[in-house]
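Next up: just one chain, as structure tokens, the form predicted on its own.
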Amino acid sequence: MLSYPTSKRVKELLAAHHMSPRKRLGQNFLVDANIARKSLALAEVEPGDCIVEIGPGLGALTHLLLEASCRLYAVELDAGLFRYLRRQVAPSYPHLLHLVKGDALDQPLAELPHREKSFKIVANLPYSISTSWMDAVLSGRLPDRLALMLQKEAADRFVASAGSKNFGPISLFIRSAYNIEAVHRVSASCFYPAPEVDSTLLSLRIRNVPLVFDGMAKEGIRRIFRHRRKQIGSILARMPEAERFHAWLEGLRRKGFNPATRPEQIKQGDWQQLILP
């Protein structure tokens, strides 16, 4: 049982269960108890909360969430880690832990039942899936709070504001649905094995009126941002089939918008006109 995430304890557990960190899956185990507790604090975890955890690994966050009497839905892709959690953790919490073996991209909410109307997400996300997973979350039931551990580059994209070089589709989709409440740098030394770059612990709270982009709008926005250095007017001229976007641009032009503006410079509120009545 991993009640305190230290580097020594992680190494011992991996060795005892004949496992090793898998770089392909982005496995970097948290070994700093203060950061683990901060994740729960940022999500404002309380007894009785319903929590979704992505990639529980050896269970450092999992134990803290279960000890807080949360109903926990967790999805783990790695077969060895799944077996470990099922054998070493699940029996102690038969009525609280709902563990699923699978890919978080296919099960972004870990098979969370529809009866659970209010929930939060705590996740230590591998860099390779962070944007795709977040996009999937934004396409379904929305959590009230999220506490996400990400590599710094991914986090910079998540929180970027219009006009910055990191602003893109995922920035827009997140900021339209969530308020960004906290951004904390986390040293690479807080993980085993230590990644090559630092990480960021990010806290999101759902807006009073979250705006969610539908699939057609998302796909069009992604196409536009593939040409982010070009002017929006010229980009849409190459997308004659995108009638919705042409009508959107014409509406903005009537309000004085300059079609020579590049996608990353378009204000969040102007993008949101695509989905507002």
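Because the structure is a prediction, the values reported are computed rather than measured. We number the residues from 1 along the sequence you see.
One more form of this protein, predicted together with S-adenosylmethionine (SAM), exists but is not displayed; see below.
Only one of 227 to 235, 248 to 256, 214 to 222, 52 to 60 lies within 4.5 Å of S-adenosylmethionine (SAM) in the predicted bound form by heavy atoms, and it is 52 to 60. In the predicted bound form, S-adenosylmethionine (SAM) lies within 4.5 Å of some heavy atom of D78. Looking at L30, you'd find a heavy atom of it within 4.5 angstroms of S-adenosylmethionine (SAM) in the predicted bound form.
Taking the partner from the other structure, S-adenosylmethionine (SAM) in the predicted bound form has a heavy atom within 4.5 Å of a heavy atom of D103. In the predicted bound form, S-adenosylmethionine (SAM) lies farther than 4.5 Å from every heavy atom of G168. Of the candidates A160, V89, L202, L125, L125 is the one whose heavy atoms come within 4.5 Å of S-adenosylmethionine (SAM) in the predicted bound form; the others do not. Proximity to S-adenosylmethionine (SAM) in the predicted bound form, defined as a heavy atom within 4.5 Å, holds among L112, L146, I129, I174 only for I129.
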